[in-house]
Each structure stands twice: as C-alpha cells, then as structure tokens.
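Next comes just one chain, in structure tokens: the form predicted on its own.
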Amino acid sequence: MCLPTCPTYDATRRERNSPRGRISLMRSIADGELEMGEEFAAEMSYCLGCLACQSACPAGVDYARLFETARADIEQQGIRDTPSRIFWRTLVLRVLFMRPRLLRWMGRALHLYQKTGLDRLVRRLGLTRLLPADLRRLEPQTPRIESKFSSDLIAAAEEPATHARCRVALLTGCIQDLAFSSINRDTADVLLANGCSVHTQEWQPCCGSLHAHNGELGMAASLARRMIDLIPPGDYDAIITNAGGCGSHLRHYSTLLAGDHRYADRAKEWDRKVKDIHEWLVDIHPRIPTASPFETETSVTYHDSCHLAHGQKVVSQPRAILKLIPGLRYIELPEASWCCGSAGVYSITQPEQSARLQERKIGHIAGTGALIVATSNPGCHLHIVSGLRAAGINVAVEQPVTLLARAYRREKKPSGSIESTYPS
C-alpha cells in the first residue's frame, strides 16, 4: 500500500526506489547479506523522507526512525565523504546550526548583502560561478532575510487583553526566525487573541531536525537537551511550533533521549506538550474573527507540509482554520499532501527530482485558480515561491496563521482580541 504514495517510486517504478525496497536493503545489510556502500547511500539520498509511506502503512512501520538510522550509519562510515562535502557539512551542521548567535549574525550579514543590491551585482558579474556547483544551483533560491528577527518583534513575555486561560512557549525556529520572523509575530498575535500567555526565549538553539534528517543523531540529541533545559516542559500548557518540519522532529525527543536517564522523563513530557499552532488552536476552540483579511472575497488553497501531515498527522486543522476566516473561499488542492520537492536539502542533493516535484505542485496550484496558496513549513514556502516565480504565476504564498492574524487585525473593535505588550 505504500508504493502509490511514494514520489520516487512514482517517478521510476523501480522497487528499490520505494520504501519497501529501501527497507529490504536495510534488512539485507543488517543480516550481513549486503555491504553498506555507495549504492545504498545513493538510494537513501534519493529518498525524500516525506513519510507519506508511513501514513499509508497498515502495519505502522516506523519508517522515519529507520530512515534516520540508515542515514546516521552512512555518515558514521564516511561512505560519501569528500573534502568539499566534509567542509560544507561541518560549516552548516557543526558550526552555524549549533550556534544561534552566529547563525543570526550570518543572517544580518546576508540581509545587508541583499538590501544593498550586492547580490544582484554579484549575479550580473557572474561571480556566482566561483561557488561550488550545488550552491550555484541553490543561490537563486536564497530566501530574503527579514530586517528584524523574532526577538526584535516578540517580547519575552506577552499577556492577552483578557484573563489568560493558558501559558504557552513559542518556538521561533532557525530559517523561520531569519526569513519569516513576521510569521512568528503573527503566531504570537493569534495566541494572544485566543487568551494565551505567550513566552518566547530570545536565544533558541536549532531543534536538531536538520541534524537528525542528515544522519547526525548525536548532535540532534545534544540540541534536544539544550532545548529542554531552556524551555522546561513542566512550566507550560503547550510548546507551540509553526514549522511542519521542525514540529515533526520536536515531538520525538523521547525517542532520541530514551537512553538518557537524566532527560528521558522530561523528553516524554516535552513530546506531549509540543503542538503545531493549528492543532493547538483547534484544541482550544479558536475565536472566529469578525473581519476578513482582505477587502474582497479571496480564493485560497492549501498545500500540506509532508512532516506536518505525515509526521505529525495534522491535516484537518489548518483547513479548519482557513475555513473559519470570513471572506476566504477555500479550494482543495489536488495531491495536496504530495511532496513539493523541498525536503530539506533535497533541492541541492537531488535537483532534478526536486524540480520535477516542484513543477507538478505548481501545476496543481495554478489549476485551482486560487489567489493564495497556504502552507505551514518554511522549506515548502520557499520552494513554492521559487516555483511560482519561475513559472511566472502570480499566486501569493502565506501561512494559515498569518491570514487569521490579518483578519483579527482588521476587526473594527479589537478590544479583547489582539494585545501586544511589545512596542511595534
């Protein structure tokens, strides 16, 4: 039953490119019938890790864990190591995404580079040819970095206008913080509008998702411990995430820290408390806005982030949020849960397959005739924006929670709705 859900099997119709084929390869290696080598590493690199197979599996096979373990084994054996690959993996995984201050400093430098137009000059002069081939392909997709990050927009503690009915911690993410800090502000505003006391730590480490998905489970565990120390789960009713890929990893800390007696129990409590923003809003019954986010009726469709739909099983809630907003006409997207081809660094490691999936997704979005496509993961957001721009299609990409925040802001009588204690 998993085969029809697998984008790589759909592309090749080869058993080895399916989840069933990959599990068979893993079993052969575990049984000593096959050596782990380049061929196996290439196959695991070809897998998107979208987890659509996991949703379809009647036996409940935990493919996510098998996938991460296989990639970790490949990295430990250094099968794909080259000097260039070691350099970039070290820079990204061991340096930048282990140090939030350094990552934010890099973000500010990149913002300045983009704001001054230096990026356009570099392209005009053809200097991007000096970059490695993989980065040269990625350069046009570099996200625009926001001028203000989450800590500039959200205070450490913000209280709703009325009596708080719950206390939540807000996770700001890494790429989300640099490229979509306004979405984090929208998330805080929506939580406030629904009676939540919002607490946001300024310097949050990476959740470890990037490391776990790329075979660095030791660093992922280290980051999980840092996150639990920084945001003790016992202090909050919920820990809110608004990025599908991060959320899927965040709610599996107990698996990652199962052998750590100092953190195992807290990790289980952490997993219970982590909630996607749409899931949390539906749980607490969100207040229906009295205004529309736009002057006229606007059509909207929705793309499921793989790790939100398949990793977290959050499918109906974002749609429910969109449908309760006045003035939005919802149109279901064909193959909404089919991967868009972003899949972390997949567009770098597998550019051709990534481009095929992107083109397929953009075709479906265009076919709906919607003016907005909503999605809830920064990777999907950037990949779809890039695809729409390349195709010359004028469709806006938004987070559902952004549309809800916009509707609240347009209410004529905002008292009792949005109250931010932080100066704008």
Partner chain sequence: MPLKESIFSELRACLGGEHVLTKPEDTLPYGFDGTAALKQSPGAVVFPADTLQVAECVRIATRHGVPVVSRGSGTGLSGGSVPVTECLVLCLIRMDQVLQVDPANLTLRVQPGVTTLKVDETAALHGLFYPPDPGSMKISTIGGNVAENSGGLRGLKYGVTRDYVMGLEVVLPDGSIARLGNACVKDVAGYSLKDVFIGSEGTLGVITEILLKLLPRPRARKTMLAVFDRMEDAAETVSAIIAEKIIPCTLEFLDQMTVRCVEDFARIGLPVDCGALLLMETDGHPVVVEEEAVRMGDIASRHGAREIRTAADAAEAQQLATARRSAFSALARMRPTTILEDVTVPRSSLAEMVGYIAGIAAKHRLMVGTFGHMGDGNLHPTFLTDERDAEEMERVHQALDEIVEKTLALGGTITGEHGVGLAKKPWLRRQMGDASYELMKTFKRALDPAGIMNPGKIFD
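What you are looking at is a predicted structure, and each value in this text was computed from that prediction instead of being measured. Positions refer to the first chain, counted from 1.
In what follows, reference is made to the form predicted in complex with its partner chain, a form of this protein that is not presented.
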item	value
Three-residue site 155, 201 and 226 fully in contact with its partner chain in the model of the complex at 4.5 Å by heavy atom	no
Non-hydrogen atom contact residue 371 with its partner chain in the model of the complex at 4.5 angstroms	no
Its partner chain contact at residue 39 in the model of the complex, heavy atom, 4.5 Å	yes
4.5 angstroms heavy atom contact with its partner chain in the model of the complex for residue 57	yes
Its partner chain contact in the model of the complex: residue 20, any heavy atom under 4.5 Å	yes
Contact assignment for its partner chain in the model of the complex, among 65, 356, 389, 27, heavy atom within 4.5 Å	27
Stretch from 356 to 364, 393 to 401, 31 to 39, 377 to 385 whose residues place a heavy atom within 4.5 Å of its partner chain in the model of the complex	31 to 39
Its partner chain in the model of the complex - contacting residues of 1 to 24, heavy atom within 4.5 Å	1, 3, 4, 9, 13, 14, 15, 16, 20, 21, 24
